[in-house]
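Coming up are structure 1 and structure 2: the same protein chain in two forms, each one given alone as structure tokens.
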Structure 1
Amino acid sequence: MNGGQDLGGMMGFGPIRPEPGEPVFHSEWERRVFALTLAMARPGGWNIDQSRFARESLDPGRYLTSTYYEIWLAGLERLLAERGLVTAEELTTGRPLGAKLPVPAILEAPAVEPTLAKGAPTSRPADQPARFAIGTPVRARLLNPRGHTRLPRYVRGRPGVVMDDHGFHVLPDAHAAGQGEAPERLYTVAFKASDLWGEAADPTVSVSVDAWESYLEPRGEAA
């Protein structure tokens, strides 16, 4: 979707300043928020793309003035509230106020490490031939979706070249909307910086984006 999270290539936000030796978590509450978001996906029944959409659909003003894990916390609260697992009053008071709700499954402490180590691969068997071969000139479609997408706004409508074919993977757009996995072929597409940001861009720079097949069209088609 078009929101505060999609900042790639936008001017006016200042330079990125990496923190030397930056820790994974700056405080204990960040560690707890990360753990809760992952653990609650099992009883809550949401997937990774629904979790991402909950964060990126925050009001842009709130998104842009929040820290990374404040955004995660806000997304978690939204996911819990949408599923009736927590009330606004409980979030305000910080304590449960009603009877425990039944949930389909719980991630017990001993299962956390093996579950995270196992992961959840998104690759799926390919059942259709590739529409685009490696080296094919393509154009990212000019989309303005209301839901989740992994196609950055700054490449939409821009020309690129297919650099790799990763086979079939779960389509985030459908997955986040609760429409099933709808797997599609996933490509890596390279875009020249000058095609993204104009003649002032460094001519030696290119940007690679992983793009699902439905995000792309042949270069000759209208954007």
Structure 2
Amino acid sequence: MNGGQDLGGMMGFGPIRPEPGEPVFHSEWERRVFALTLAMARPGGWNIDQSRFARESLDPGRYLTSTYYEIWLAGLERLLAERGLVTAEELTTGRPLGAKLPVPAILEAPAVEPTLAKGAPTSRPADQPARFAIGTPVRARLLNPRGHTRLPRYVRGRPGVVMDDHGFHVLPDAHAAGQGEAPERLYTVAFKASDLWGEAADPTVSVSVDAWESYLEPRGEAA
């Protein structure tokens, strides 16, 4: 979706502001939001793409004026409410009121380390040949889906070149919509800055995104 999260190319945010000491967390509530978000994925039964979609579904004005963990908290509350795991009344009163719903499993402390070490690989066996060979000129399709996508606005409709082929990966657009993994081939596609930003762009700069096959279309002219 064209939400507040799709920031590439926006202006006016001012300078980078590194923090003295760069604390991993700034307060106890940030620690708890981080850990609750990681721990609730298993009982909640949602995947990383659904988590991302919950965060980017925030009103853009709110997204852009919230801190990072405020966004995480809002996303977690949304995921919990959507599944009835926590009701709006419970969030308001701060007390458990309804019954515990059956959940697939919870994350127990001894499982934390093996769960993190295993991660959640998104690669899947390839069951189709590559449509685009490395070096092929392609164009990012002009798409504006209402659901989740990982094709940023600044490359849509722009010409690029396939630089790498990562095999099949879970497609976030389908995964976030609860339509299964729908794996597709994933490519790295590089764009000249001038093809993204116009002739005034720095000629020494190129930018790549990782794009699933359905994000791309062939283009006739040479790269």
Partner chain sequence: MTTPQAAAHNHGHDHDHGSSLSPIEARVRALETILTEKGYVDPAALDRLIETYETRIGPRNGARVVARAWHDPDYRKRLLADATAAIAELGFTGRQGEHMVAVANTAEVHNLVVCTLCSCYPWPVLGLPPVWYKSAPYRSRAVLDPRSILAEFGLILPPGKAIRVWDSTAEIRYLVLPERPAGTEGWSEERLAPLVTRDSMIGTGLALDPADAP
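Please read these numbers as outputs of a predicted model, since none were measured by experiment. Start at 1 and count along the sequence of structure 1; that gives the residue numbers used here. If you superpose the two forms and keep the largest set of C-alpha atoms that fall within 1.5 Å, you have the rigid core.
Given that just one of these two is the form predicted in complex with the partner chain, which number is it?
Form predicted in complex with the partner chain: structure 2.
Residue 202 C-alpha moves between structure 1 and structure 2 by 2 Å or more, core aligned
No, shifts by less than 2 Å.
Could you tell me whether the Cα atom of residue 166 shifts by at least 2 Å between structure 1 and structure 2 after core superposition?
Shift at residue 166: below 2 Å after core fit.
Using a superposition on the rigid core, decide whether the Cα position of residue 179 changes by 2 angstroms or more between structure 1 and structure 2.
No, shifts by less than 2 Å.
Keeping the rigid core fixed, work out how far the Cα of residue 20 travels between structure 1 and structure 2, to one decimal in Å.
Here residue 20 registers a C-alpha shift of 6.1 Å.
When the rigid core is overlaid, by how much has the CA of residue 11 moved between structure 1 and structure 2, in Å to one decimal?
Comparing between structure 1 and structure 2 after core fitting, residue 11 shifts 2.3 Å at its C-alpha.
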